[in-house]
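The chain below stands alone and is given as structure tokens, in the form predicted alone.
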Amino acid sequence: MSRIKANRMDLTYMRYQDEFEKKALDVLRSGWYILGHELSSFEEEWASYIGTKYCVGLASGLDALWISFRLLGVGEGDEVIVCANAYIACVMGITMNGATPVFVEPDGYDNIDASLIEEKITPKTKAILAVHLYGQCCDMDTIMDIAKRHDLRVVEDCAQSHGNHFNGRRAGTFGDVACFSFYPSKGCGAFGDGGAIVTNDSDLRDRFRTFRNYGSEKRYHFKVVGANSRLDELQAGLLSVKLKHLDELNAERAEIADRYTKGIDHPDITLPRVRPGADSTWHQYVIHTPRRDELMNYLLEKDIDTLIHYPIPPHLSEAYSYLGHKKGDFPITERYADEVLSLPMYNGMTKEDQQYVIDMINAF
């Protein structure tokens, strides 16, 4: 048996190869590569799919985050509440605007523990960043209730949640703005960097459109100091192809996750759970085990690759040493960082390969 990789993106390309290559050639032959028809079409399609009025394509998921906080007026002296086990880009979206992240421990679903948010609110709190980690969903009912009572903005980070639901609504339809990454490994991944925001606020939509294009509403007329952050025509066109198949791809990942859940049986391993009322896109299938490093090395010897999402929490990262946090400040987050392991999860994974992974884990 050949090595089983933690992720493979080539299989999805090969499945829809003719569609991708036709679209790429159409865009290349069009002679128009920035802010054109492909982008506007994809923006309409993505907004419709998520269930919002508007979408604005950007250059990356990180750009979506930091520009969102910038345009929501979050800056120096402000605080933003965020889960302590989030990917560091989530925190960067806050700090790039001069604001301070206020960390909250995760719950049993690997997302922010909404019951702990309110105690972290201060007069400086301006927003809550709800990160739907691993393709799971945060408890958005509780988060939105807290935000409403305290007059806080809500930004959803849906980088890993392309199409999942909470209480019948898609992730990305709850907050003021939702941010998406189209990095190639994501559910609706591009063939390079890309990102977007969705919103129901037409004023915010217009401001994003202006900001992403150097702050220009029309050529050489600059309204604000903006950024160069545009989802290009080629990526937008290829994403439109991928979007047509996203529900099918998500359903396949759900089947893979279900086989893992039914097949893995080991006393030292805790399997992922899905929040009641929600579903998951299974961006990652993340197990917890106190024997993480031992299991990871064992699987490597068995020609099975795994990944750790994420080994160093943001509050212990060198980049954020200036915040003054120390080991022990967020014990649940730190324990998670020592015990999470992402099993191979990708579209096109064969049942035979997956059964081998299951058998090797159960034999550990």
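Residue positions are given as counts along the sequence shown, with the first one as 1. Given the structure is predicted, the values throughout are model-derived calculations rather than measurements.
The same protein also exists as the form predicted in complex with a small molecule; that form is not shown, yet it is the one meant from here on.
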Name the stretch, out of 25 to 33, 332 to 340, 41 to 49, 57 to 65, where some heavy atom lies within 4.5 Å of the small molecule in the predicted complex. 57 to 65
Of 174, 191, 87, 214, the only residue with a heavy atom within 4.5 Å of the small molecule in the predicted complex is 87
I need to confirm a contact call. Of 231, 159, 112, 81, which residue comes within 4.5 Å of the small molecule in the predicted complex, counting heavy atoms only? 159
Check all three, 5, 295 and 356, heavy atom within 4.5 Å of the small molecule in the predicted complex: no
Would you check, heavy atoms only and a 4.5 Å threshold, whether residue 310 touches the small molecule in the predicted complex? yes
Please determine whether residue 131 contacts the small molecule in the predicted complex, using a 4.5 Å cut-off between heavy atoms. yes
Non-hydrogen atom contact residue 136 with the small molecule in the predicted complex at 4.5 angstroms: no
Interface membership of residue 186, the small molecule in the predicted complex, 4.5 Å heavy atom rule: yes
